[in-house]
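Next up: a single chain in structure tokens, the form predicted on its own.
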């Protein structure tokens, strides 16, 4: 069999796309390798949410291009680029990296088998056509080659309609499109039947699921109920939520269904109402506060995580301080952070006169990171002394001791000293200590 290596960058959606590509390539006689030097086909699945990610992708391609030249006489090497950078840059990639054989955008992932056939005949192929479809080639029922573990990523929506002024996603992933529930449920059952113990439903705006259906009134809460009815012990999560799309029905469904976990990822992006307006977010600080409080009031032991951007164009020191106070006020358990990075085609990228100097952005990012660490520890300390169910995800040696690590239902990481590998098992654990990023526990 020929060997393929895929370097995956960015979000869980990209990881899910990679699993689908590996399934299609397996059907075509390719075997995955973890050693890129051994591969006949090299693919980088890219992220364009930050300039650093894009630069990293082209740097990787440059290394592979040298390999292709060096191996030309004894082993033909094919190179492809997929994902958001591919969708954004399209055919211009061939000028920057002429050794690339194909460019595969986010809309046409199921065109991969045809593309491979064409490049093996000597063609260069760019397939970045936008489509409103979510499934281009399901007739052959390609397997999904999932990464070994306990959690299966299952995309349920693709794209975004919000057009936040900083975000490239609507331009790389397109408009919101919901997958049919029957396809999602089948995929979930297949994953569970092969041993996965947790499924995570993915979408840029996961709680917008079903808004685009014309022939049915079916939303995320309905999908959760059907998935919850599948036999067996497993967990269900969903990410990422847009704050104002979180309905009372959805929150009640999380409370009522025993397999749906007490976890909401609700990106805020800034604690300042003025900055949120400039970002084209559809809420202000007060509205976000009400949403978070409602979730906390209705869902016992809920973990709420968020996203924030430091140094958005025009952000003042006073407005940045509002972000710091928001993390405290809303008792956010954890937040993903990024310094603002201008992205081509976005509105904010044109506000060059408002750009924050790099040293100030970095200093704000560092202060924001410190605040997140403080709140993570404060959140974790609340669980010391509690008994919690943990799904074990990994087993490894650390400083001479064997450790099992896993997640609680509310997405807290727990480290448990234990000589037995319990990966994939649900265990009851007594929480004995708290660190910034994880809890310590012992098996009951």
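Quantities reported herein were computed from a predicted structural model and do not represent experimental measurements. Positions refer to the first chain, counted from 1.
There is also a form predicted in complex with a small molecule; it is not shown, and the following applies to it.
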In the predicted bound form, which of the stretches 296 to 304, 211 to 219, 265 to 273, 120 to 128 has residues with heavy atoms within 4.5 Å of the small molecule?
265 to 273
Close approach of residue 335 to the small molecule in the predicted bound form, 4.5 Å, heavy atom:
no
Any chance residue 151 has a heavy atom within 4.5 Å of the small molecule in the predicted bound form?
no
If we define contact as a non-hydrogen atom of the residue within 4.5 angstroms of the partner, is residue 107 a contact of the small molecule in the predicted bound form?
no
Against the small molecule in the predicted bound form, would residue 339 count as a contact residue? Criterion: heavy atoms within 4.5 Å.
yes
Answer with one of 330, 288, 320, 166: the residue that has a non-hydrogen atom within 4.5 Å of the small molecule in the predicted bound form.
166
Could you spot which one of 392, 61, 388, 49 gets a heavy atom to within 4.5 Å of the small molecule in the predicted bound form?
49
